[in-house]
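In the block that follows, a single chain appears as structure tokens, in the form predicted on its own.
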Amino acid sequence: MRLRDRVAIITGGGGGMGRGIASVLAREGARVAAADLNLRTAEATAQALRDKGGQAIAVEMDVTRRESIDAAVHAAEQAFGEVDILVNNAGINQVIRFEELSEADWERVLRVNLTGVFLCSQAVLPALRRRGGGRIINIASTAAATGAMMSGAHYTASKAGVVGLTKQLAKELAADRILVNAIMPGFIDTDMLRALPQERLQQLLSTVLLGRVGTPEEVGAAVLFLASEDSRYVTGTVLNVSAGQLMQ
């Protein structure tokens, strides 16, 4: 129970990696607010956690709109108290070649994947300061280091931006005892990966030393480390969770 009575908001908590992260944190005692643009899927996550004895609520959140974020943070605080942990997991992807990339597509992906991290982190900052410290954990991607194998330039740019923002926030917020880190997942078992043709999936797996995709819960285990006191001397770090696909 490493996160007993801690309050965590997980954006994009309605499914995929978000649900896996929520499951791990709740199992360790965190009170979880599963935040998602789709309230129905967020509620499915929260109900699954409650069915296993966890404390969880669903909150609707559009990470591109500050008023929506503020309302979701307020709802989480009304239910559980002030926030200790923010996991910026919400993101979108699009497979498109650079020469076909429109300005509207570019701005939409950057708005969700990068500006959303900025807006959500700003929104919880007052609560983290009142708590005397806390954790911000940003979900980036190995694409930030190597370029994307199944998305576009806008996705890669957004995730590289998340890494840079993580390091800057770590420097600025260290005096407040707020630790800011990022995770670079590799190929994780999500709906997007399952939709790939089997031949393409095998091609991608040939780059992974362990020869398999990761699970959302394995990403959650990395988040748990960064959210717990086990990481009290870790900030500004980018943790690679890719089974050897990326070596830094």
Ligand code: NAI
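Predicted model only: the values in this text are computed from it and were never measured. One rule holds for the numbers: they count along the sequence shown, beginning at 1.
The form predicted in complex with the named molecule is left out here; the points below concern that form.
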Go through I85, A123, V112, L165 and name the one with a heavy atom inside 4.5 Å of the named molecule in the predicted complex. V112
D191, E67, E199, D51 - the one with a heavy atom within 4.5 Å of the named molecule in the predicted complex: D191
Heavy atoms within 4.5 Å of the named molecule in the predicted complex: which stretch in 126-134, 139-147, 70-78, 165-173 meets that? 139-147
So, in the predicted complex, is L25 in contact with the named molecule at a 4.5 angstroms heavy atom limit? no
Does at least one non-hydrogen atom of A58 fall within 4.5 angstroms of the named molecule in the predicted complex? no
Is G152 near the named molecule? Define near as a heavy atom within 4.5 Å, in the predicted complex. no
Does L37 make contact with the named molecule in the predicted complex, using a 4.5 Å heavy atom cut-off? yes
Relative to the named molecule in the predicted complex, which residues of 1-38 have a heavy atom no more than 4.5 Å away? G12, G14, G15, G16, M17, G18, D36, L37, N38
